[in-house]
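Next up is one chain by itself, shown in structure tokens, the form predicted alone.
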């Protein structure tokens, strides 16, 4: 954890000339992708950002970027994450939000020039978060699928009660009956996981969480009824009693209409990295998003 240094006075910000701006940008040799949504506000900000980056001598490259700047909200950032999921070891993300405060987005739409200044001064600083790896096995014998999730994955029935055996590290833990199960990352613990009663986990913990969605508990059927925190060297396997009529969600992506034999979940080897220009502390994000108290 970084310690904050106490300063007796506030240093004056140095004025950077346009010539110095271009020299630093070329020295960094940075390539930036602008990933926005179709909203008018996001399109306006994306256009201003592109103009400013070009003037600063920073190359726009959507195929092989070093930094991906998303313009929109958390949904836009999730889309960008999946779009560039095969390049996570080579890129960092930065988010500009154009509506309500986003959990992953540190910059406001009126701070485009400040972000450009930070990109020009970039020295590779970053913070990384854990991801969830998901392997889906199919009952028809076809090849399994693998994907990543930044927030969570859920498994539910199209209709009726879902029945599934839950294994932890290869051993049967419980037979679940209810609406479904949600497996989330630490950063995703503040999303759907929180709404179904899961715990909020600091992303410094390299762990995943399983939360039950409306489980059935009576004299006949029993589940733990509490969220589970699983460390990095363990894994979760869910085997639905019926392979059909299941809906599997991985962030915004879904698998429907295919017979699911089992889903395996574990902390991924890959991590997502964000450019740490002024990356907001996790608990400050939580407080701002869910409590919103007025600061003195």
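Residue numbers count along the first chain shown, from 1. Because the structure is predicted, anything quoted here is derived from the model rather than measured.
Unshown form predicted together with a small molecule; subsequent notes refer to it.
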| item | value |
| --- | --- |
| Contact test in the model of the complex: residue 190 vs the small molecule, heavy atoms, 4.5 Å | yes |
| 4.5 Å heavy atom contact, residue 97 to the small molecule in the model of the complex | yes |
| 4.5 Å heavy atom contact, residue 145 to the small molecule in the model of the complex | no |
| Distance check, residue 78 to the small molecule in the model of the complex, heavy atom within 4.5 Å | yes |
| Residue among 103, 93, 107, 176 with a heavy atom within 4.5 Å of the small molecule in the model of the complex | 103 |
| In the model of the complex, the one of 130, 180, 198, 73 near the small molecule [non-hydrogen atom within 4.5 angstroms] | 73 |
| Which of 233-241, 250-258, 54-62, 264-272 sits within 4.5 Å of the small molecule in the model of the complex, heavy atom basis | 250-258 |
